[in-house]
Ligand code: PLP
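Let's start with one chain on its own, the form predicted on its own, as structure tokens.
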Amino acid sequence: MVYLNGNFIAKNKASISVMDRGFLFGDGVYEVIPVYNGKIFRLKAHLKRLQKSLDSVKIPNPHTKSEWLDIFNQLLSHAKTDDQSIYFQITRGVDTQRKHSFESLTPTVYIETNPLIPKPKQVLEQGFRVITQPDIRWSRCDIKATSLLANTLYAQNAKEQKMEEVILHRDNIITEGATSNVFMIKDSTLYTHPTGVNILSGITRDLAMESAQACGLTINESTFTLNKLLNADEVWISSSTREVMPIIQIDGRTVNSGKVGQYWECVYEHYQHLKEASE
């Protein structure tokens, strides 16, 4: 069961017009919200980020917070498990002809849910491998836009090399992962790229920093180089579906001793408490 423009229908019956600007141009935005034990996690923060993205691309928000919540809950009532991932996107809508400029259109809204199965702690404790590549994306990465061709190519490259993620750098400065935010620890300080146009400020990113601070780390939102990343004490990536994931190898080089660090262990436990206390 999915939601499309006011209707709850079977996924294989859902379709959009070929003149939808999301199909033609990737002209739209999206969000992903985790659901734990049947409770939507940090709904307010996700809807706030959605509004920021919509405002940035001049698409009107088609629903109020209460309307969004009602739609989500109706979809979740059809889910077979309590832990879910809500994916929803809003495109500018259907136009009468393919042209780059746009008029005032009725947005297209599509929502689906899928089972959310976080990796067990014993799997995470083994650590993960990543590669790095130059960041070739556009200069408004703070907008959670559906036009993700570069990110898709990065993700495919990681898959083909049996890597968890591609960490990106722009002029040798680490920005973020293709589908995640990036953190490094050096001398009990957590570093992550500051918010701005070069990264998407993830909700999980904020929760990771909150957890890190609770674990005694100093937080420093500032830029750092690829070389500093390679010489970090610990490296993590985060996203809504990954939560906080430890990295033990970058471009074939081990991070520190090649084992998951002590701070990650503390952050993992604190993050689980945040999930249990979800809204």
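All values derive from a computational prediction rather than experimental measurement. One rule holds for the numbers: they count along the sequence shown, beginning at 1.
Just so it is clear, the following notes concern the form predicted in complex with ligand PLP, a form of the same protein that is not shown.
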* Kindly indicate whether 137, 177 and 240 are, all three, within 4.5 angstroms of ligand PLP in the predicted complex, using heavy atoms. => yes
* Asked: Can residue 30 be called a contact residue for ligand PLP in the predicted complex at 4.5 Å between heavy atoms?
  -> yes
* Asked: Is residue 49 close enough to touch ligand PLP in the predicted complex, meaning at least one heavy atom pair within 4.5 Å?
  -> yes
* To do: Classify residue 92 as contacting or not contacting ligand PLP in the predicted complex by the rule of any non-hydrogen atom within 4.5 angstroms, answering yes or no.
  => no
* Asked: Is there a heavy atom of residue 127 no more than 4.5 Å from a heavy atom of ligand PLP in the predicted complex?
  -> no
* Asked: Quick one: which of 249-257, 41-49, 61-69, 211-219 gets within 4.5 Å of ligand PLP in the predicted complex, going by heavy atoms?
  -> 41-49
* Asked: Can you pick the one in 108, 192, 84, 204 that has a heavy atom within 4.5 Å of ligand PLP in the predicted complex?
  -> 204
* Taking ligand PLP in the predicted complex, which residues along 130-168 bring a heavy atom to within 4.5 Å of it? -> 137, 144, 151
